[in-house]
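Presented below, as structure tokens, is a lone chain in the form predicted on its own.
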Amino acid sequence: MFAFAKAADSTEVPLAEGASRSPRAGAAISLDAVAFSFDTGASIEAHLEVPAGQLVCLVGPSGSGKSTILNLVAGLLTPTRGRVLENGAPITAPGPERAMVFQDAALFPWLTLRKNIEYPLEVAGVSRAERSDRSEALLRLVHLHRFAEAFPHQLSGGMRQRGAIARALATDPAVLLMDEPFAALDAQTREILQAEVERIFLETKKTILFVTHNVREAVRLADRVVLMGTRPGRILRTLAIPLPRPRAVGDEHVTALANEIAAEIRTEVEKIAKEEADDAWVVPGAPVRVDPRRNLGGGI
């Protein structure tokens, strides 16, 4: 396994050859009165506490700031106001203790799956033997050991995403950030990968922040679901999911909680539609008011 030691300047450096340590534990993440403004005028405001080792899903309409929160935690964006903290220390830049998985697996097409997983370790200067050991363990973790020498174009979409998760775990991050990683997959593959993420979460004890538009997926996976609203982007409420694991997507309790959250999101979406549409727009299912001038010649 790839091992790290903490240097005096708090950066991560490889341990000496032959040294070892236990996998990095999940870290607590805090958004302390954070605000972020875009050049377009859009903004988000958020205060969020994510305990170490929890899986938290962010759901809400487009434009509510879900992906922005992930980018702030990753250190890719700097808040306009407030602080983003990892275990109480400010996050000021990207680092190996936080890794992202995107909707597109983004594996390098010219590298085999094994080499894709080893790439961040090679960049970090890890020895070939250590890289090999780590990639071997991760390939087995995501059940892709048989496809280690395959290239991305030879893998299915679900296999590529499992490979992307393995690559994200290569540097043994404390926090895994997942931005709609299954959105482009078919329903059956998506359900399989939900079970995979839950299994990996339980095995690794990493902290996971997971963005999704699929409310049932959020309830299926999360310890807590964070419901976000928009204009400005903000957290409306946080809902604990007190269901035992492992969970089935078709479980009646999952369905009931998903329906409750979906109703709140629908209200937010309808609010946005009213702001953006003309006076002819009505809430779906409501009686339609017809302008008589739009039906000239009717009945002829």
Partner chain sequence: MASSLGNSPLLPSPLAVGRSLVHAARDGTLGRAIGTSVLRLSFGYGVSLVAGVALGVGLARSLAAKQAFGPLVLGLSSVPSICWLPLAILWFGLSETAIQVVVILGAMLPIAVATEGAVRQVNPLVVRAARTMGARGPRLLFSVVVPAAFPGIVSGAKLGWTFALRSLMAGELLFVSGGLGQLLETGRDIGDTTLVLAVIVSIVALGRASEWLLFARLDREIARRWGTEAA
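None of the values given here were measured: they were computed from a predicted structure. Numbering follows the first chain given and starts at 1.
The discussion below concerns the form predicted in complex with its partner chain, not included here.
Student: Within 4.5 Å of its partner chain in the predicted complex, counting heavy atoms only, one of 134-142, 187-195, 90-98, 214-222 shows up; tell me which.
Tutor: Going by heavy atoms within 4.5 Å, the stretch is 90-98.
Student: Among A183, L85, L76, L155, which has any heavy atom within 4.5 Å of its partner chain in the predicted complex?
Tutor: Only one listed residue qualifies here, and that residue is L76.
Student: Taking heavy atoms and a 4.5 Å cut-off, does A106 contact its partner chain in the predicted complex?
Tutor: A106: yes, in contact with its partner chain in the predicted complex.
Student: F151 versus its partner chain, in the predicted complex: is there a non-hydrogen atom within 4.5 Å?
Tutor: Close contact exists here: in the predicted complex, F151 approaches its partner chain to within 4.5 Å, heavy atoms only.
Student: Looking in the predicted complex, any heavy atom of A129 within 4.5 Å of its partner chain?
Tutor: Contact check for A129: no, nothing within 4.5 Å of its partner chain in the predicted complex.
Student: Is there a heavy atom of E122 no more than 4.5 Å from a heavy atom of its partner chain in the predicted complex?
Tutor: E122: contacts its partner chain in the predicted complex.
Student: Looking at its partner chain in the predicted complex, which residues in 165-192 have at least one heavy atom within 4.5 Å of it?
Tutor: The one in contact is R167.
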